[in-house]
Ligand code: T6T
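This document starts with one chain, in the form predicted alone, laid out as structure tokens.
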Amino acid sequence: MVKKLLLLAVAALLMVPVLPLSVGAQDDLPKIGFLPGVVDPFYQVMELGINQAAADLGIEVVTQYPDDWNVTLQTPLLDSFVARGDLDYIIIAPVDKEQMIAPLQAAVDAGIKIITVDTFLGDGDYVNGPVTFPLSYIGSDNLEGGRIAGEYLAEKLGGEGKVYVQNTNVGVSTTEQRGQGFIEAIEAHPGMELVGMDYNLDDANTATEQTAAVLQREPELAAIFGVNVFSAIGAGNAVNNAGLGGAVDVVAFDATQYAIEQLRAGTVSLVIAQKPFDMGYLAMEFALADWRGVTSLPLRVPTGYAVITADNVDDPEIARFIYQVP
């Protein structure tokens, strides 16, 4: 299904007539705003994809990062994009699936088209769901990502053991789904026990403190699932600080340099890499395709995963998905 959707997306783009990028052609192209969720390696790699597409397609893009993952910080930046009056599209990772609906609807009412990347609005179903105004949602299948983590740990632990989830923020579409997919996977194994799930508000120090408390409370804890960059950093730090590297298994979502270092050190045994560069690049192509009149763009494009282990981390076909930030 993923391959089919991507082929449809590429086919749609191939139908778009190529305009010559001669002097003055910039005026015939859309101007795009990019508003990620927070400063972290995942979104920085997505920005690399955005910027590469901008260079390849001759499109001007304006980028603003919130200082933290927070509706009260993302909304003013979004409002400033709208107030500029010169943006045709906004590519955004909404920091809350419900609270960002109204601000983004206001952008649409002002004549700006919306593409969501990584995270979604409502339930993510832009055909029959409660929110249908975005052109597309481009991002991972996060339920599947959580299931990959849960099934891996269940197999590694022989279907028995206590596990813990380090999560980020309530109301974030992606991380809620990762937690849900993980729980669904381990519930299929009666010998697996979830001892808790904490929310660190995208703060690695908070994640470290929360994980340390669980390690003290649960001396038989076997494994931890860190659902994003900050969660995995905090979980790994707490395990190392307790001298439990290799004894308490950590699965890290997002292939940061830290996660790969911990994979090589034996604290992390599995890294689930998303494809943020692809998300950013494809979102820019979608905006241009829509600008040129394509009406058959897929409303949902899952971008897939690379699953990284100590056995394949040096394989060039896998290592290219590690988040490399200049």
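Note that residue numbering begins at 1 and tracks the sequence as displayed. All of these numbers come straight from a predicted model, not from anything done at the bench.
There is another form of the same protein, the form predicted together with ligand T6T; it is not shown, and what comes next is about it.
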(message) Given the stretches 291-299, 51-59, 263-271, 35-43, which is the single one in contact with ligand T6T in the model of the complex, using a heavy atom cutoff of 4.5 Å?
(response) 35-43
(request) Tell me whether Trp69, Thr119 and Thr174, taken together, all sit within 4.5 Å of ligand T6T in the model of the complex, counting heavy atoms only. (result) yes
(message) Please identify the residue among Tyr164, Phe230, Tyr152, Tyr199 with any heavy atom within 4.5 Å of ligand T6T in the model of the complex.
(response) Phe230
(message) Contact with ligand T6T in the model of the complex for Asp96, defined as at least one heavy atom pair within 4.5 Å: yes or no?
(response) no
(request) Decide whether Asp254 counts as a contact residue for ligand T6T in the model of the complex under a heavy atom distance cut-off of 4.5 Å. (result) yes
